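Next up is one chain by itself, shown in structure tokens, the form predicted on its own.
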């Protein structure tokens, strides 16, 4: 009898934890988004109008969207190619897998120091340019800052995506690939028509996790460039941090609800697109 109740108890504990640490705080933030700062009265949609008309917020949203659109596909394609090579070459793959996981073990502050050594005004790269007689570049205060942030994110999180892809590829029944190989299918044909469709569910999870983890890049951007970085890397988390410093909780609440709704809609649309693609196949 106890063994039958264990799954229910496990799910109940998870739901209680989710409710306490996620659902209840979110409901509180949602309610706070309709409250006037200071007076505590009902503000209607005034907080949302103020946030949506805020130029800094719209810039941060567009920069965050641009980062996701550029960075997530690069991460997914690169990690998929590497994971396929590791999957098909297990002996060499062990060493490569360890190498790609090393950046995950490096603390964020240490990684930030490395980027500063490289891209600071008096950093290593500018030192090399100066020794060659070329003009130095203020990397973190130009459009280059965006691509440095993209490079930092991919370098830090590539190993995690590779592990996820390897788990998805390992779930594919080897007999399916063997049958396709016997029928004369090439490695590329087996990958496109057999392996990837079979790993479709795992791929969806990897994409969602990649989108969610892309929001964590704020730590690197904040530690490298401070509260007010170059406009190209001014992200949503920057403006939330600045609002929090000024105790503008009404804006934070409204901005958080807007961001979460956009993110949830994005994931639902992606899920719908994924399911539709599976039905067509």
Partner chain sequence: MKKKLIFALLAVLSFMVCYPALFILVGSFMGEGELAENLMGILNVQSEAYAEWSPLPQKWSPESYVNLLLYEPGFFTLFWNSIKICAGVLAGHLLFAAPCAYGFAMYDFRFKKLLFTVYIIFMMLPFQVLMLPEYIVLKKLSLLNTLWAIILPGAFSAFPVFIMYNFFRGIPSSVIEAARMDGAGEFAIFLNVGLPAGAAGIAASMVLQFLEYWNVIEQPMIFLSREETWPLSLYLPSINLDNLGISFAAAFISLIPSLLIFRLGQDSLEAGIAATTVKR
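Throughout, rigid core stands for the largest set of C-alpha atoms superposing within 1.5 Å between the two forms. Residue numbers count along the first chain shown, from 1. All figures in this text were calculated on a predicted structure; none of them were measured in a lab.
Just so it is clear, the following notes concern the form predicted together with its partner chain, a form of the same protein that is not shown.
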Tell me, out of 143, 127, 90, 73, which residue has a non-hydrogen atom within 4.5 angstroms of its partner chain in the model of the complex.
127
May I ask you to choose, among 181, 116, 200, 193, the residue with a heavy atom within 4.5 Å of its partner chain in the model of the complex?
116
Residues 18, 156 and 264 all lining its partner chain in the model of the complex, heavy atom within 4.5 Å
yes
Flag residue 269 as yes or no: does it have a non-hydrogen atom within 4.5 angstroms of any non-hydrogen atom of its partner chain in the model of the complex?
no
Contact of residue 132 with its partner chain in the model of the complex (heavy atom, 4.5 Å)
no
Contact of residue 172 with its partner chain in the model of the complex (heavy atom, 4.5 Å):
no
Taking heavy atoms and a 4.5 Å cut-off, does residue 54 contact its partner chain in the model of the complex?
no
Is any part of 99-118 within 4.5 angstroms of its partner chain in the model of the complex by a non-hydrogen atom, and which residues would that be?
99, 100, 101, 102, 103, 104, 105, 106, 107, 108, 109, 110, 113, 114, 116, 117
Residue 136: with the rigid core matched between the shown form and the other one, does its Cα shift 2 Å or more?
yes
